[in-house]
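Next up: a single chain in structure tokens, the form predicted alone.
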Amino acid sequence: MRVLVTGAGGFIGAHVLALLHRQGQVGGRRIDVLAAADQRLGTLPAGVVALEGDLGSDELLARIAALAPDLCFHLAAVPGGAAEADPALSRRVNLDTTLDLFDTLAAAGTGHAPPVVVYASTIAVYGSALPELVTPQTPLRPPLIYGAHKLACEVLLADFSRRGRLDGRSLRLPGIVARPHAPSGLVSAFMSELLHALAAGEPVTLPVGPEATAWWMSARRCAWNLVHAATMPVGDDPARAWPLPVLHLSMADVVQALSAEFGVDGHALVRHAPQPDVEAVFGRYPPLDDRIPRALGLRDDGDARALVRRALAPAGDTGDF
């Protein structure tokens, strides 16, 4: 099996790459070649093939075609805030480059089975002003260009699958924590900053109120779900797109879990300065009907304390994903 991870130098991609390298197999099939693609790649695990450069360039696409992956985890993207600030860049990376990659993978397929593509989509496809319960029938109305481009790629990947050219599986990722202390282009980065600050016993200001609710998942559990999705039985669902099972938690819930885990007075350390536009998009998530993805074997983190432990585990830790 030849496996490619795009965006492998990024936050989630690095976790996926680490899990694949550690397991050495997917669904019982041994990984013969594991390749990492990104604009820039740091130190990679031993034996991983580095494909460094612009994913939309003819040169890198030709190298991917020569690799002829049986399985691709596509995580490379311009994130939400950065995409909104530069719509042309978002179109080039999040839409055009993604479609060029799909075409390249389909054309390079070996013929015995279409290449599997696990696509990292986003809960941003749902939009704001959500109903009391988000269900599979909830209309998709992305409020940002990031979500619009991700939704377009979901639809087009499903069409590649309908035509038998690819075997696509789109997962709608929630707020993934805990991203490192660095500019990410994500408006939702405050969720990770909360975890880092209270783990260090430091004060933090949040752009949402204590009762603001979000859908949470650790990067480790997200990586596990992405790898699981490569071989889960998808049945005859024509959309081939699912939200991940999530923990539906308020900021106060997470502060309480962090306080208990690290022995700090989190409520004294956290200051709330709600920004209505941020809270409207990232702090008003209702419960999610995730029975279908759970039936496919996808998982959440269990509870808030487990989320915190998994999200803040050291990078080299080989514990639970």
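This one's a predicted model, so the numbers in the text were calculated from it and none came from an experiment. Residue indices: 1-based, along the sequence shown.
There is another form of the same protein, the form predicted in complex with another copy of the chain; it is not shown, and what comes next is about it.
Contact with another copy of the chain in the predicted complex, judged by any heavy atom within 4.5 Å, is made by just one of P210, G81, P143, P207: P143. The partner is absent here; in the predicted complex, the one residue of L133, A113, V234, V155 having a heavy atom within 4.5 Å of another copy of the chain is V155. In the predicted complex, E193 stays away from another copy of the chain, with no heavy atom inside 4.5 Å. Taking the partner from elsewhere, P238 is found to have a heavy atom lying within 4.5 Å of another copy of the chain in the predicted complex.
Within this chain, A108 is remote from the site of another copy of the chain in the predicted complex, having no heavy atom within 4.5 Å. Residue contact check for H248: none of its heavy atoms lie within 4.5 Å of another copy of the chain in the predicted complex.
Highlighted residues P87, L95 and H149: every one comes within 4.5 Å of another copy of the chain in the predicted complex, counting any heavy atom. Judged by heavy atoms within 4.5 Å of another copy of the chain in the predicted complex, the contact stretch among the candidates 194-202, 70-78, 158-166, 219-227 is 158-166. Contacts to another copy of the chain in the predicted complex (heavy atom within 4.5 Å) from stretch 99-118: L99, D100, D103.
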